[in-house]
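Only one chain comes next, encoded as structure tokens, the form predicted on its own.
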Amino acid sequence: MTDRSYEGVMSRKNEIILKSVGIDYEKFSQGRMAFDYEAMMENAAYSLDEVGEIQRAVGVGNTPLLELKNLTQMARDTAPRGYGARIFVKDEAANPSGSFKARRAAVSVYHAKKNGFTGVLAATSGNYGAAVASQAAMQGLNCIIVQEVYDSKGVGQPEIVEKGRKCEALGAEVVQLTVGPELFYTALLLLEETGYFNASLYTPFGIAGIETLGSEIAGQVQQRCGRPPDAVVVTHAGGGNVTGTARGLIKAGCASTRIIGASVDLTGLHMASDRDFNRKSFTTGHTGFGVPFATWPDRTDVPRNAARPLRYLDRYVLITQGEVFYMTEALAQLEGIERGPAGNTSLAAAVVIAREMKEDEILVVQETEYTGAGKHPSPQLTFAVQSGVEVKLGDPAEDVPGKVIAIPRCPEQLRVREFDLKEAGCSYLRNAVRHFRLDDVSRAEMAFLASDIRWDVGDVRRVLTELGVSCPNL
């Protein structure tokens, strides 16, 4: 009999992952911590052209690029003369499942069917579950979605409940759990029992699927404006959105386009806390994922995360919950476009960033998402009040995650808070030292760390030395 205890399943983690993903990550390993990232992406995934063909066959991608003229004017009205970049949005809600996650799912599910898997499984409480369920239905595969939905009292967050409903509507079996460590355990156990493909968010297949989003932005902006975008704002959670979009832009010749990550600031709330679970109004695109996954990407359900956001981010900004709710209403009432709040995280940041840019510059908001019953601002804010959170009009500076949601009174109150990427790199290095128990490093290991956080090798050596790690001379 197979040991089904938590310890037993975790002891078989690598074996289960190898069978369910089919990638031998050891092929790309280079010693204790380093690995050949580009070789993994090139050899374990599909080319950009192949991904495009896979997605077109199932109606994914080629989503419209919309110019938000009224929101651009709002930014200009609150900016110095001559400033206020043109704001465009890539309307990813036009994908079959209603979000950019369909791009990831299309490649993963295609690969699963191609390799003879009878079903796919994904552990996610977000839009990715609906995307995998949608693609599995198209490909005629079984689908299991494992979700964290409830706190210990059995109370579910409206947005997650809505996503579970959509997964079931698309034919998936949804396994719903309370918050805690059982999510990964349950997913591994089900993968072992079913023999299904692990449609993880963090495989090369998932990242390659988003590269088409970056390349489409490049092509559409070039066609509309005769030039590449100056900056693209990307909602940052687990890092795949940033990584895939940036890689697609680079492959399309937009290496100088600035990549700006944006997350909802949920500082002070613990994502694995039973008490905090229902005191947040955003279940993705927030600092509870954005910061940990930036500072240690390999905290995932695969040995090596293909999402490496610090390799690509030029800037990382934070926005409050209230500001995102404000922008969700502004998008609907000024542009006639109703989209889900979480997808408007990058839009809220973009309106502020546009004020810093000149009028002839181009700023692209990289995604929208579908809206539905539990994803509207109304149920989200009602649930916040029921959970003991104060909701009020006021200065966003008064926002306190889990306690107060302050919705701005006017666009002048919108602003972004900078997250120090240099400090994020330092945190990454501290995590590497702790995780691998490093007493010393080689030149190759220093070079890997430098590439993973976009630092000079000399700066990596300096910080490692300060952390007590023996480093070779350069």
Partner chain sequence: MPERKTCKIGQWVQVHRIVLEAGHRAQGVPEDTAQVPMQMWVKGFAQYEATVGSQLTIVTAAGRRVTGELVAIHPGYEHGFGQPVPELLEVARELRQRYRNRKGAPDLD
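This is a predicted model, so every value here is computed, not measured. Positions refer to the first chain, counted from 1.
Beyond the structure shown, there is the form predicted in complex with the partner chain, which is absent from this document and is the topic of what follows.
- Taking the partner from elsewhere, no residue among P229, G253 and E356 has a non-hydrogen atom within 4.5 angstroms of the partner chain in the predicted bound form.
- When you look in the predicted bound form, the only residue of P303, G219, P292, G372 with a non-hydrogen atom within 4.5 Å of the partner chain is G372.
- E182 is the sole member of E398, E182, D360, D314 with a non-hydrogen atom lying within 4.5 angstroms of the partner chain in the predicted bound form.
- Listed stretches are 147-155, 104-112, 243-251, 129-137; the contact stretch with the partner chain in the predicted bound form is 147-155, by a heavy atom cutoff of 4.5 Å.
- Within this chain, V433 is remote from the site of the partner chain in the predicted bound form, having no heavy atom within 4.5 Å.
- The partner chain is not drawn, but in the predicted bound form it has no heavy atom within 4.5 Å of S387.
- At least one heavy atom of G171 is located within 4.5 Å of the partner chain in the predicted bound form.
- Shown alone here, E162 lies within 4.5 Å of the partner chain in the predicted bound form, counting heavy atoms only.
- For the partner-free chain shown, L183, Y185, T186, L190, E193, T194, Y196 of 183-217 come within 4.5 angstroms of the partner chain in the predicted bound form, judged by any non-hydrogen atom.
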